[in-house]
Structures are given as C-alpha cells and as structure tokens.
Ligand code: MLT
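In the form predicted on its own, a lone chain appears below as structure tokens.
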Amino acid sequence: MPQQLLQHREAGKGTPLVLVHGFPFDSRMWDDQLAGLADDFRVIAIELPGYGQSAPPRPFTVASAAEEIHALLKSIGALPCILGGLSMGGYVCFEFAARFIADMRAMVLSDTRCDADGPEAKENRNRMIQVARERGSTAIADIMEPKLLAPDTPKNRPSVRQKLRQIMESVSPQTIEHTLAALRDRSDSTGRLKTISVPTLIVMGQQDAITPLAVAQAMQQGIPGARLAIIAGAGHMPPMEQPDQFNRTVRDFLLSLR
C-alpha cells in the first residue's frame, strides 16, 4: 500500500471524473475542465508524485502511480470513477485498468499511446535526463514546447503557451528525472487492450506532432467498442488549446452512457 496519498484538486458533484496530467505538467493543465465539467461531474485533477502539491520529488513508476491514485480515490470516496489521462496520464490509465477495472465506469484517453518505448525512445529519455540534470527545467521546456501546440495556438491563444511554460518551468529537475525514468521503463499495454471492458473514448488533437493519428486508430481497433474523436485546431494539448470543444466531446460521450 502506498505510504502517502497523492494530492488533488476537485470541483463539482456527482460521478467522479478523474483526470491525470501529462509530462511535464501538473493539475493546472485541467483548469478548464475543473471549471467547465463541474456542472455534470465531480472533477478530480490528480497531482502525480513530485508535481504541484504532491511535492517533494520522489521516484515512481507508471504502475505505482496507478496504485497510488486508486488508494487516493478510495480514501476520498471517489470509486467507481471515470478515469481520463493525457499522454503520460493515458499510460497511467492503462495500468489502472489492468488492476482496477471493476472500479471504473469509463475511460477517456487523450493524445496517448499504449505501446512501450523502443530502443530509440529509451535513448531519447536518457538524453533528456542528462539535460534535466545539467541544464534544469527551462531547458526541458525549450525542447518540448515546439512539439506541444498546434501551429496557430501560440498566435491565437498566447495565454496557453505562457501557462504551459510556467507549469513546465515550475517542475523540479529531479521530478523530471524520476518521470522520464518511469516513462522509459513502462510496460507495453498493447496486449491488454482487448481486456478493457469499460466504455472508452479516445481523443486526439488534429495537429498532434507527438502522437500520430494512426496510433489512436490502432487503439480504437484494439479496445472493444472504443470511440475516436478528433479535436480541430489542437496539437498535443486539446484540453488547454480547445477546451470548449474538448469538454463538449467528453461530456457528450459520458452523458450518452447514462
């Protein structure tokens, strides 16, 4: 059993909608969902180990993060839940589903993938770890920022870029290192897709430069009954880039299950 509970932020009442952030972000990436979906759900935004209010830095794995989230949700009476995650958060969703599917009502996967890192991707993680050690969080933000947003987002919504930079630069280099190791060493969930027995929505930014559409399509084919939604005008961060469209897509899907 985890020795300490993760921190979280929440808004609203009703069915728990639990959201797990990507790398290297924190629960602030879900601000528009905490505000925009709270009329219909009890929205719970998780802070993974070392992030936001879940400081200080400490090692974790994708699997241990899923177990810690389950312990937290049990402690706050938020099971069964709808579980959603973006990118790294999606990896956590797969591990949660592998362990606690009976405590899930549905799943929302945004701009993520189910396969493990290959040799090249692992080496890239190792290089990023060195950058974090030697040059800090700002250097990691410099590397990641150009790939995160749709080309028009910085011009049309400059506040999104500014907020992303603020979040990324606030993460400690040690937390970045721990996270990169967790991502590098995560297990492959491809073979488990067919065992996911809850309604699943896969959301993709139309201009995501990190996760190809073909990856989302393969997950849709692998998960029984999964639906796929494309968010226009978004890159890798639809919840921040196109929050109204993202929220409407998620709300419509979840309300259709009632």
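Numbering starts at 1 and follows the sequence shown. On a predicted model such as this, the values are computed, not experimentally measured, just so you know.
Just so it is clear, the following notes concern the form predicted together with the named molecule, a form of the same protein that is not shown.
Comparing 169-177, 156-164, 132-140, 85-93 against the named molecule in the predicted complex, the single stretch with non-hydrogen atoms within 4.5 angstroms of it is 85-93. Among Gly235, Gly22, Pro16, Pro243, the residue placing a heavy atom within 4.5 Å of the named molecule in the predicted complex is Gly22. The partner is absent here, but in the predicted complex a heavy atom of Ile210, alone among Ile210, Ala38, Leu193, Val215, sits within 4.5 Å of the named molecule. For the chain shown alone, Arg105 is not a contact residue for the named molecule in the predicted complex, no non-hydrogen atom being within 4.5 angstroms. Proximity of Ala78 to the named molecule in the predicted complex: non-hydrogen atoms within 4.5 Å are absent; the residue sits far from the partner. Within this chain, Leu183 lines the site of the named molecule in the predicted complex, having a heavy atom no more than 4.5 Å away. In the predicted complex, the named molecule lies farther than 4.5 Å from every heavy atom of Lys122.
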